[in-house]
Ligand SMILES: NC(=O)c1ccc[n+]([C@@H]2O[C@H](COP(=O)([O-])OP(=O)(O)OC[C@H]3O[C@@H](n4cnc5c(N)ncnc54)[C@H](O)[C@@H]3O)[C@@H](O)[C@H]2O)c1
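The form predicted alone is given below as one chain in structure tokens.
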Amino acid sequence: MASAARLDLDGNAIKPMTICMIGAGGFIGSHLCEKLMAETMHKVLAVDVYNDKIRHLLEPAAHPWSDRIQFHRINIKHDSRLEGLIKMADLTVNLAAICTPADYNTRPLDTIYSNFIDALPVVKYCSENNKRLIHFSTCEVYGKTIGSFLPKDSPLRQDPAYYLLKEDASPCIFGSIEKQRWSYACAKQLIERLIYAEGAENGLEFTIVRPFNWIGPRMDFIPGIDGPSEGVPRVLACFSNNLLRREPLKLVDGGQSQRTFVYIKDAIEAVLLMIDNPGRANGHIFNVGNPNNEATVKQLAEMMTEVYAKVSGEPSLEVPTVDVSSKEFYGEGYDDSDKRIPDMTIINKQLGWNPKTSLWDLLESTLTYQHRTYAEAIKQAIAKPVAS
């Protein structure tokens, strides 16, 4: 159980606060709720449509933290109770979003509404009621790197100035309007600009978080097991699903895009520092990622195949990967960024945060969880005879 005598980075006692967490039932929200219940005395008003991923925190009622977390089943699109919850809280953390690449092309209107229109009331209520806001954005706001426009044989491509992404300096470069994949990034960028403007003009206390591929247990869904059978989750869950079903991992356009990956538990440490240190976090945009865990999507697939063979005891497939085109996998209008490496200067200076977990270790932790949770259910689903 957490002690009340926790200190912030400047040695001051941290006072317990009430946090309105929108999207508390999701991947990030569930891990943040766990952290807050286990290590702090903060109270959480958990807002979401579903609570499956935090049910273990809500039941049974005998938990030592049971009086510090309340679940409110609310769809923020059209529920008048939202403003009341924000008024009750000292801080609002907004995690709600459509953030699955497969949706950006096929559901661009829903994507834009979810990430901009639906977020507007949250920002408005926080600003009008003088409530602090931590808003979750995305590394996708950077779009393409400057380096991606250089000739492929240019030595400048090796210069970090052309691909390292800095919160206060890097431009946001998106593809053409016909490439609807950028609907998500554009909506996220616009809500960032609105929050920043509210801070400048109306004194809103805010922090913006830009996650760089947070990975860990409970991320996304396994199609047909704990999500829609026709759904396409993000890369880790896609690859996990293939491994669990003993199917080749699909590499979109050869899997040449480069990404960095950070363990969810490391990332949540950063968020807790933001919550507990408003004097250091307010007014800042923070990259939260691990530049040491860089890999191409193809390399990620190869590593996941090796790690899964270790944790499951099953041999790898003779043909572990297959190439598919982005049009075939995501549909018309897909586009991609080449490389996403976060500059960590600002978060390290303000909060002293650095990620710890290697890519191998975070994959081993995640795939151990996936195998333990889903392998038997998938075997049963595969063995189930199809109705004639």
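For clarity, every value in this text was computed on a predicted model and none was experimentally measured. Note that residue numbering begins at 1 and tracks the sequence as displayed.
Beyond what is shown, the protein has a form predicted in complex with the ligand; the following relates to that form.
The three marked residues, Asn75, Phe136 and Trp214, each reach the ligand in the predicted bound form, with a heavy atom inside 4.5 Å. The candidate stretches are 94-102, 308-316, 272-280, 192-200, and the one lying within 4.5 Å of the ligand in the predicted bound form by heavy atoms is 94-102. When the ligand is considered in the predicted bound form, only one residue from Lys265, Lys166, Lys144, Arg234 comes within 4.5 Å through any heavy atom, namely Arg234. At a distance threshold of 4.5 angstroms between non-hydrogen atoms, Ile28 is in contact with the ligand in the predicted bound form.
The shortest heavy atom separation between Phe286 and the ligand in the predicted bound form exceeds 4.5 Å. Interface residue remark: Tyr184 is counted as part of the site for the ligand in the predicted bound form, having a heavy atom within 4.5 Å.
Among heavy atoms of Met219, some come within 4.5 Å of the ligand in the predicted bound form. In the predicted bound form, the ligand lies within 4.5 angstroms of at least one heavy atom of each of the following residues of 36-62: Asp48, Val49, Tyr50, in sequence order.
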